[in-house]
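One chain comes next, on its own, written out as structure tokens in the form predicted alone.
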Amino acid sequence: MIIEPRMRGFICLTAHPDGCAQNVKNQIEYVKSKGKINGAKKVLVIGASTGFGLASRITSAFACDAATIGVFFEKEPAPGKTATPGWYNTAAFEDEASKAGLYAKSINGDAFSNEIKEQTIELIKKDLGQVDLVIYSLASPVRTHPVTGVTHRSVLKPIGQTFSNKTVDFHTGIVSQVSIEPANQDDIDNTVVVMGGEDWKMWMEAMKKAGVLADGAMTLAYSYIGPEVTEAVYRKGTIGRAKDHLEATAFEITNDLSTIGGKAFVSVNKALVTQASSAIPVIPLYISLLYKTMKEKGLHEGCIEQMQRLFAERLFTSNEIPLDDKGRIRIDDWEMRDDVQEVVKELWKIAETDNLPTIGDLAGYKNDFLNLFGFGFEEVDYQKDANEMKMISSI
């Protein structure tokens, strides 16, 4: 079938298998171009099909020569209906891993559930014995708690007072004012349950108990801080409370893993175009101005560049992992440089519909958004029939 992007709000309803495969190949080629990393050899990635999770899996496999298991929750294709992009990304990743002689298997299901944890642990026992790195990169807005059975939904809201500021509709380029009402306590609590560290800790406890963590195993989750302009809706909002919980959980997990010499870290990453960030008011405008500024300074990175640098310059060097005063790894260091943030701050003041195409990188934002779904790649002929029924070999 001919597959074209079909948009509904901040979501693309279709994905292109060949475009997703091209996206994966491009990331693999980048990682290979940067050389080998003497890192982990048996890696579990929870949330492995898109964004930072996918980039972590690609870096583990093609820079470290690691065997990888990926866990995710994606929709498979049906005749005449495309799969979600993460499905096609994984199919392409497994194809490339197979060609390179690398072990790669995947589990599709609800990572919050006890069943998927058990299934994953059994696969590790059977095929790998133990893993030495666990990446936790889930980005779900909903979580059904495995103990209580209650379904919790996260919200993107400020705390304490109504937030008003500029935002942009990245489809139309129109800059407008947005106001978001503050969260109540239930909103905050639910967001922490979904996006905080509880499930990460449950994974690590289950794996330690089952004996599938190697001595000295490392686990890593991802966070974001960002600038003052996004603070009210992000770091000081409901999501920020969840990130605070996630970051605090890293210390609890490290304590739990002390008997095997294991450690947990949170890496604070750069603002990037993702399905999640596109839905957060203010963030698309900020990213558009940030991209323009960082590209002009030669500092721009996407997911794969961030993860390759994280592995090569933070996690797997002969030196101790550098941490900030709150015990976090900072790979958002280029984004948060004073010379970058000062420019973005000044651009923010003058940003409006008419000048955004000039002072911002809305075209780059749109292209990155399309790329998430396998569209916008020059190497792909989108007028050709594509096989929407591309399957994942290990599922």
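Source: prediction; values computed, not measured. When you see a residue number, it is the position in the sequence shown, counting from 1.
Not on display, but discussed next: the form predicted together with a small molecule.
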Please check if residue 270 has a heavy atom lying within 4.5 Å of any heavy atom of the small molecule in the model of the complex. yes
Going by a heavy atom distance of 4.5 Å, is residue 311 a contact of the small molecule in the model of the complex? no
Does any heavy atom of residue 52 come within 4.5 Å of a heavy atom of the small molecule in the model of the complex? yes
Using heavy atoms and a 4.5 Å limit, would one call residue 94 a contact residue for the small molecule in the model of the complex? no
Within 4.5 Å of the small molecule in the model of the complex, counting heavy atoms only, one of 131-139, 211-219, 182-190, 158-166 shows up; tell me which. 131-139
I have 170, 334 and 369 flagged as a candidate spot, so tell me whether each of them has a non-hydrogen atom within 4.5 Å of the small molecule in the model of the complex. no
Which one, 294, 204, 111, 232, lies within 4.5 Å of the small molecule in the model of the complex by heavy atoms? 111
In the model of the complex, the residue from 121, 102, 276, 299 with a non-hydrogen atom within 4.5 Å of the small molecule is 276
